[in-house]
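A single chain, nothing else alongside it, follows as structure tokens in the form predicted alone.
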Amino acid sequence: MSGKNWDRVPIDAQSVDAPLSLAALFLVVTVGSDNAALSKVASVLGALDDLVKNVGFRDLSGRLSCIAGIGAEFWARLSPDRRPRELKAFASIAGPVHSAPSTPGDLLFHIRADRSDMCFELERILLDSLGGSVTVVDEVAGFRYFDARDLLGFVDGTANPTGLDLPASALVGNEDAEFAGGSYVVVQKYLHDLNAWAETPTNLQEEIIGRTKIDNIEIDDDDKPRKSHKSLATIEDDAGNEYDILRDNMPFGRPGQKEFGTYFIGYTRYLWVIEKMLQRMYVGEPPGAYDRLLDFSTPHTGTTFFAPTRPTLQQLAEAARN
């Protein structure tokens, strides 16, 4: 991280630590089952860095970046003999009241920039390049909402790791040396019931979230029988060590369609950390005391990917083309 100068050069593909952006596109596709589709997709993945530079160089201040994540099933086609240690399909969760679905996805393209037109242009070129080899299963355009708030009115992403804590939390290390520098990625598209949320008193909203709404101050709920979203999303191991993830959530919406949502995207060094977080949210801690935010926010997708480093992605692509 220390050697990067975002204002001088385009951002490499697969840069998990790229700056938070004002706009984003989340594109999830499945890949055709034939060898021609595999070869075509591998060719595009191998050239992804060049595609990002071709668009990003038009305005360096736009800070365009793109991360490709690969799902477990498609990874097995790309590289049958070697795979990240924890990579597997997203497991659906059935809680006492709310459930998290598992939905299809072979590839995720997480496109970020400070200009929405740059995100659009890269997605357009990507899909043109992929052609009939893929089928789009989900496409969401996100935007930064005022001072990094979600559509519920709360600041989102406050607990993100920074500095040296970022790679330690988000990037695989020597525990899986072959894939060091890569990251597990989990995405879920949530839709909010803003009418019901608006009818909820602010003090109860703050109790549910675990932070004050106006000034974003953390609320201590250790002694309360019902934990907040903030507390349920805080993960510790048996020794009391806390594990962070890197969130790059984005609001999205279409007011004319009454669609208001948050696209959750979490990057993590250890997949089990996000899995445990979601279990605590949906099943509850203790069981039954689920995350009350789910009474207002419903997940419509759930998919897991692994984002390898740029050199690893290019190696995978080259091997699959041969």
Ligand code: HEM
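All residue numbers are counted from 1 along the displayed sequence. Note that the coordinates shown come from a computational prediction; the quantities given were computed from them, not determined experimentally.
Beyond what is shown, the protein has a form predicted in complex with protoporphyrin IX containing FE (HEM); the following relates to that form.
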Of the candidate stretches 257-265, 49-57, 28-36, 62-70, the one with residues having heavy atoms within 4.5 Å of protoporphyrin IX containing FE (HEM) in the predicted complex is 257-265
Touches protoporphyrin IX containing FE (HEM) in the predicted complex: residue 165 (any heavy atom, 4.5 Å) | no
Look up in the predicted complex whether residue 219 has a non-hydrogen atom within 4.5 angstroms of protoporphyrin IX containing FE (HEM), and give yes or no.
-> no
Do residue 171 and protoporphyrin IX containing FE (HEM) come within 4.5 Å of each other in the predicted complex, heavy atoms counted?
-> no
Are any of the heavy atoms in residue 278 no more than 4.5 Å from a heavy atom of protoporphyrin IX containing FE (HEM) in the predicted complex?
-> yes
111, 141 and 147 each touching protoporphyrin IX containing FE (HEM) in the predicted complex (heavy atom, 4.5 Å) = no
Candidate from 117, 175, 193, 242 lying within 4.5 Å of protoporphyrin IX containing FE (HEM) in the predicted complex - any heavy atom = 242
Contact assignment for protoporphyrin IX containing FE (HEM) in the predicted complex, among 91, 214, 159, 136, heavy atom within 4.5 Å = 159
Quick one: name the residues from 223-243 with any non-hydrogen atom within 4.5 angstroms of protoporphyrin IX containing FE (HEM) in the predicted complex.
-> 229, 230, 233, 234, 242
